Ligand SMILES: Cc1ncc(COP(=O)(O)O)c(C=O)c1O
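The chain that follows stands alone, in the form predicted on its own, written as structure tokens.
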């Protein structure tokens, strides 16, 4: 009998049955009174839970669209932006800005490490920037940026808006918008929210909304906050068709988050992430990210000597778990595994057991249950 394959990539993450059920509802008109009410409630919850006096935009699209919305509505051609990059997805901001004629300075870290906050402070002292971008969790490296510390630093640079890419962090790692000094927080539905891909979510704090007014007319159409703001105020209005069933699915995800408690969800991810990483180290793997800056949502996992990447991931798939390949210079040297959102204890224990079986099949024998035992022991600490 073939094993059911667990989705353990860095996103999309597993979708809980109650969220799937919302996607399977009979679709209604976007102006249906019940849908309008649900959409309004969702938007109110997203602003309340992430603690902003600004706005939130829920739009059909990917996390990359959310990145473009964050840039397009806050900076213009000729402005200068500081990009703090901890990997492949941090670098994506560079191309996005350069295509718009925005001047870019980049602070890059070695993969697995962060750009020291002191280097960011020095850069801000030397040059005025209209915005600073950072990816909270870069899925290429498994590094989590010190978002709150950078936000505190930027309080002394009021002309610089703070744009945080939360695609692989939001709903798993703390990102309280106004109190953390975040002006734009952007994410997608498919990671720690545990919804299928298809929704771009962008929070814009008060300073970001003021910046959008100051920009006047912008070249972008679909990505323009001012096109979407009337709909976010009154979802019965029309600009572009909302993803009705995905909005319902996100509403169910937020209901689950409220039931768990957002702080408790952050704590769960921190505990599970640490336990998973410890278990993998017990099995002989290494974690790319420095211990002080490891993400709670995924791990970038370096192979021990003697394991072939393609053979390992193929065999792991046969054993019932799908993970992702390494990127950049680490292609063939590591795999990446998600452990976020609504992934439950059954999934986590099963994937570790699958990794153990895979190692034994690939000629790197381990004691059966060694990783699972280390995981369970760490959860009780």
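Positions refer to the first chain, counted from 1. It should be emphasised that the depicted structure is a prediction, and the values quoted were computed from it without experimental measurement.
The following text describes the form predicted together with the named molecule, which does not appear among the structures shown.
At a distance threshold of 4.5 angstroms between non-hydrogen atoms, residue 139 is in contact with the named molecule in the predicted bound form.
Contact check for residue 277: no non-hydrogen atom falls within 4.5 Å of the named molecule in the predicted bound form. At a distance threshold of 4.5 angstroms between non-hydrogen atoms, residue 297 is out of contact with the named molecule in the predicted bound form. Put simply, residue 321 is far from the named molecule in the predicted bound form: not one heavy atom of it is within 4.5 Å.
The putative spot formed by 192, 339 and 348 is not touched by the named molecule in the predicted bound form; no residue has a non-hydrogen atom within 4.5 angstroms of it. With the partner omitted from this view, the residue of 355, 334, 67, 58 that lies near the named molecule in the predicted bound form is 67 [heavy atom within 4.5 Å].
For the residues 285, 228, 89, 176, the 4.5 Å heavy atom test against the named molecule in the predicted bound form is passed only by 89. Stretch 159 to 167 is the answer when you ask which of 260 to 268, 113 to 121, 159 to 167, 206 to 214 has residues with heavy atoms within 4.5 Å of the named molecule in the predicted bound form.
Residues are counted as partner-facing when one of their heavy atoms sits within 4.5 Å of the named molecule in the predicted bound form; in 52 to 66 these are 62, 63, 64, in sequence order.
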